[in-house]
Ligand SMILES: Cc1ncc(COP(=O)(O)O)c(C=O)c1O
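Listed next as structure tokens is one chain, alone, in the form predicted alone.
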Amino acid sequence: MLLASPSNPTGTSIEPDELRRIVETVRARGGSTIVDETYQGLSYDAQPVSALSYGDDVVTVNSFSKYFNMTGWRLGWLVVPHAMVSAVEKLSQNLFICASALAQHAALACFEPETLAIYEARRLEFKQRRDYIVPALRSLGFGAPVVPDGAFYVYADTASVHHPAAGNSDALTHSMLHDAGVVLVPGADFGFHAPERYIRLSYATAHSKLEKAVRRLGTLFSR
């Protein structure tokens, strides 16, 4: 079972009790649970709980890309059961051998107190952006079925916006790009559940740019 918590594109986390039930169910069926926790450091509303809490047969995947702001450095880690270590080492030797020395030194610098203070300030800034953009999207006519509790995405329903392409995320995002200069991503990139209705917004940008985007979309939808 492959899971992600918090997830892309919704920015939501699996509730701890639900994650425990999933792990136990997969275990009872003789399977393995692998959880991508890359966005877990960017959790806003509660202390995140790692899937490792539910047994040492769980595999977790993590990265320096998101919380530590090192996207592009290609540096991350796995936590695996002892029985898998040898096999994973063989895979790593054939896939990439090791991370670059430069990336490893940069990663160590992430854990300095001064650096962690910067990351925490950045996490709180993401929360402020979320608290701005979700109500702003709703004021523009978008639905927000779930409020993100982590990561930096909102998955919004386009069915009720005042626009000829409402409910057609591909056509709507083209109009947003060409008529308002705002780039959002249609749901077709993220799965099979009504992708034509949904768009993904990333708020990993300056608050001022989010405000500008909302103003532009407000003008577009008022035509």
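Bear in mind the structure is a predicted one, so any value in this text is a computation, not a measurement. The numbering used is simple: start at 1 and walk along the sequence shown.
FYI, the form predicted together with the ligand isn't displayed, but the following is about it.
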Non-hydrogen atom contact E196 with the ligand in the model of the complex at 4.5 angstroms:
no
Close approach of S63 to the ligand in the model of the complex, 4.5 Å, heavy atom:
yes
Would R74 count as touching the ligand in the model of the complex under a 4.5 Å heavy atom rule?
yes
Could you tell me if D57 has a non-hydrogen atom within 4.5 Å of the ligand in the model of the complex?
no
Which residue, T38, S43, T158, T33, has a heavy atom that falls within 4.5 Å of the ligand in the model of the complex?
T38
Heavy atoms, 4.5 Å, the ligand in the model of the complex: which of 172-180, 65-73, 49-57, 25-33 makes the cut? Say which one.
65-73
Non-hydrogen atom within 4.5 angstroms of the ligand in the model of the complex for each of V154, Y203 and T205:
no
Going by the ligand in the model of the complex, which residues of 2-18 come within 4.5 Å of it through any heavy atom?
A4, N8
